[in-house]
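Single chain ahead, by itself, as structure tokens, in the form predicted alone.
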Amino acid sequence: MYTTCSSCPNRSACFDELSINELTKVTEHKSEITYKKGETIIKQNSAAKHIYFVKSGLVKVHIENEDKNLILEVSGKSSMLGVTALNHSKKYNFSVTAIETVEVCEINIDIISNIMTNNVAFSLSIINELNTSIDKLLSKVFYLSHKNIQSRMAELLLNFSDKIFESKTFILPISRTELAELTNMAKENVVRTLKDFESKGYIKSKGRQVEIIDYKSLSEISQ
């Protein structure tokens, strides 16, 4: 169902800084697109023409190279993607792929840039989004360089529970191989760690379904 930016209940907080006329302008220059699982939404190093807003579904933000992919994060509803392309290079420095059916709003990047020029509050809000993206990247660097295998997996499970699904029982949205790419671990270590957590009573699992049993212990391990 097509939604105007002014009536969207899940719009980014950035858009609260826009006037009705500006919201109308954004609505006139956006498209609502549905992507199926596995389809590419953003391709790394391609020319940045749009900002994307996730209405529903989950995506993976990842960096591609010849040897190994690195998943930076799994993002869901109300996420803004491509904001980092609002710089002089106007290129995407990562790829985004749907990991389930995803609905996104595709907004012309030039419209966003033009509004930022004339709306200081909106511009500052977008800068905050950029800062949040940088903070996430720095946290990822710390996470990969300072945490051991068990700590990484514990933090990942808690992130799915607290931030993505808001439930202690959830279906892992990505494969074991993708879990390895998200934690910079070997797939064998992912499987071994999940089995170890289950044997110690921290979690229960059946296929991709995971239930967190001992939240406190996982939290302590993740530190």
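In this text, residue numbers run from 1 along the sequence as written. Keep in mind that what you see is a predicted model, and the values were worked out from it rather than measured.
Separately, the form predicted in complex with the DNA exists; it is not shown, and the next lines address it.
- Contact annotation: of the candidates Asn184, Thr27, Asn69, Ser161, the single residue with a non-hydrogen atom within 4.5 angstroms of the DNA in the predicted bound form is Asn184.
- Proximity to the DNA in the predicted bound form, defined as a heavy atom within 4.5 Å, holds among Ser56, Ser31, Ser175, Thr169 only for Ser175.
- Screening 161-169, 38-46, 58-66, 189-197 for residues having heavy atoms within 4.5 Å of the DNA in the predicted bound form returns a single hit, 189-197.
- By the criterion of a heavy atom within 4.5 Å, Thr117 is excluded from the residues contacting the DNA in the predicted bound form.
- Proximity of Ser125 to the DNA in the predicted bound form falls outside the 4.5 Å heavy atom cutoff.
- Although the partner is absent here, Gln150 is a contact residue: one of its heavy atoms lies within 4.5 angstroms of the DNA in the predicted bound form.
- Contact check for Arg208: a heavy atom falls within 4.5 Å of the DNA in the predicted bound form.
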